[in-house]
Ligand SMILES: Cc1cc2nc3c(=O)[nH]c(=O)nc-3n(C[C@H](O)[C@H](O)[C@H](O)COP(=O)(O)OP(=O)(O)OC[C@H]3O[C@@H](n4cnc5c(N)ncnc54)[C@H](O)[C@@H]3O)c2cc1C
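This document opens with one chain alone, in structure tokens, the form predicted on its own.
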């Protein structure tokens, strides 16, 4: 069966991958000339890569890790020491580490917290632990019910010290969702904490050994095409064409460089676009349906990703770092963490600016100037002396609408992958799945969309066995 998929990000490519496993023929359509969507990457004039975001993989990403195994590329994940590392603004140039011992969960995470005396007092640790008990004991249903509160309100309700918020949760909220605790749904960080406490290596992080476009997305394309699917770049969706009964008649693709528009027809159709792009494309009659109307409550968050190349090593740390800066979220020296970007003598810092709402319209120069001011606080030895590190070049990648803005009260508006339109499905991390707005969420959403299609359009008994074998 032929399935047209709009969007070649992780959600669209994952959907296509599991559809070919189920014996169907997907056609993935990407409006740009690059794969990956929110994990897209490009080379600059010097041959250096720059990316849409700082992409970190967690041990608590089972669907992503399984995908790597199925593609035969799991060796491309470079796993780091099991630890969480925070800058200490009150002690510039120093770090606080939560080293997680290799023992069963949740004792490994608990011990890592108890051993850390830089950020929390014993009283604060005790209040923190007591506050988390309801989420741990009552499980995911409790966590989902906490969507009615923003994280700051939930912390206050649990009696958790403000110091815990300022030291840990501001950094965690910005890293997970690009917004602050007073905005983010309590469900989001509580879900992450539950994963970290339940899975032995849940909080362990890995970096890809090169750009996501080449090292992850391209193998997915090769897998899809080898099994009879197609992936087309420079194929922008112009309109979702419908029949009188409201079902999809075809995708109208915009012709480029003077070419005529093209009508592409299939048996089923999938939107793997961002929620903001999909809302613009919805046919007028659909917008009156409750299912689609609720999506108006969802919108993408502003994200800015920064790349700064320096003439020397700024740090030797081979890991993800939480800046605890009011401007910056997480960062890493990619010359240490990524094999393809490795440089023993120079640094390329990749940083996430968050929240980015007030910065998205500012010039690159303004953003870099503010970032450099923060770096002087984080690395005083390199920027507060007569021998200052030299910024060789920079790239600023702005995404005005990235993953959905996970504010309190929005989780119930997330749509399922199966829609009220018989032959139309959704994939994307904004849809209902348990891994939030993340790479894992995108892959799982594509997998669930493929499962819904496979159930609605059954293959042969032999192909049903193949579906069971890949776990969809």
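Numbering follows the first chain given and starts at 1. The structure presented is a predicted model; accordingly, all values stated were derived computationally and were not measured.
This next part talks about the form predicted together with the named molecule, which is not shown.
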| query | finding |
| --- | --- |
| Among 405-413, 418-426, 34-42, 66-74, the region lying within 4.5 Å of the named molecule in the predicted bound form by heavy atom distance | 34-42 |
| Site check 237, 273 and 439: each within 4.5 Å of the named molecule in the predicted bound form by heavy atom | yes |
| Among the candidates 327, 85, 264, 277, the residue which, in the predicted bound form, approaches the named molecule to within 4.5 Å (heavy atoms) | 277 |
| 4.5 Å heavy atom contact, residue 10 and the named molecule in the predicted bound form | yes |
| Contact test in the predicted bound form: residue 303 vs the named molecule, heavy atoms, 4.5 Å | yes |
| Non-hydrogen atom contact residue 178 with the named molecule in the predicted bound form at 4.5 angstroms | yes |
| Close approach of residue 6 to the named molecule in the predicted bound form, 4.5 Å, heavy atom | yes |
| Contacts with the named molecule in the predicted bound form, stretch 27-66 (heavy atom within 4.5 Å) | 29, 30, 31, 32, 36, 37, 38, 39, 52, 53, 54, 55, 56, 61 |
